[in-house]
Ligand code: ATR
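Single chain ahead, written as structure tokens, the form predicted on its own.
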């Protein structure tokens, strides 16, 4: 039951109708008997400043931030965590007595999703496809784990910007062409592009380049054509559902200072 004591957390985005976050978080609050509720808010691009001010005015405990606000919201916060500064995006806000601190839990969520599959990243050679916000989160997370990253993007200049920003964290290079000889060196291939979201999207790699024994990871929640092709060639495949789960679990812990009931959240997510 919602009362005057109930702590409110929410999500800002546009569009917002598709979000699975309320299902996950409200189930988690109920499981632990926490007096919290989670609600989605449609926030237009030009209203993000007003929405952030409302966090303080309404004493909202915490917020998830999704597209298109992850970068713009940073200008209106009081503190930004280290990983959010590097990634250049915030997806979680904590309100402590009017002081708003921004975090990015995507990097944590990605690394945790691989660890759950018993995949070690230390000293591994990784091919990262894409150079957008998702790619930055992945790059930060895997570099912190001691991996060697090679970025490929259709616009190489964007990949070089990531290299420049992240080179002090770990070993990162840019490649401008993927050949059969080059791809053989990689243990893990990660698709951080949007290719695969639509049914008729082309694969981000030519099928002939896929090699048995490699691990293919796609940040998209479903089994994309890339993952289906890789699986048919005897590769290990991982979709983006685990990353979604674990980034949400981390946000839950930031707001509540309580370990998230991950099994419950996973159950509702898979539904």
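Positions refer to the first chain, counted from 1. These figures come from a predicted structure and were not determined experimentally.
From this point on, the text means the form predicted together with the named molecule, which you will not see here.
Asker: Indicate whether the named molecule has at least one heavy atom within 4.5 Å of a heavy atom of residue 134 in the predicted bound form.
Answerer: The answer is yes: residue 134 has a heavy atom within 4.5 Å of the named molecule.
Asker: Decide whether residue 115 counts as a contact residue for the named molecule in the predicted bound form under a heavy atom distance cut-off of 4.5 Å.
Answerer: Flag for residue 115 set to no.
Asker: Residue 195 near the named molecule in the predicted bound form, any heavy atom under 4.5 Å?
Answerer: Within the cut-off, so yes.
Asker: Do residue 102 and the named molecule come within 4.5 Å of each other in the predicted bound form, heavy atoms counted?
Answerer: Judged by the heavy-atom cut-off of 4.5 Å, residue 102 is well away from the named molecule in the predicted bound form.
Asker: Give a yes or no on whether each residue among 130, 154 and 202 has a heavy atom within 4.5 Å of the named molecule in the predicted bound form.
Answerer: Contact check passed for all of 130, 154 and 202.
Asker: Between the options 187, 171, 144, 158, which residue brings a heavy atom to within 4.5 Å of the named molecule in the predicted bound form?
Answerer: Here the answer is residue option 158.
Asker: Please pick out the stretch from 187 to 195, 74 to 82, 117 to 125, 173 to 181 that is in contact with the named molecule in the predicted bound form, where contact means heavy atoms within 4.5 Å.
Answerer: Checking each option against the 4.5 Å cut-off leaves 187 to 195.
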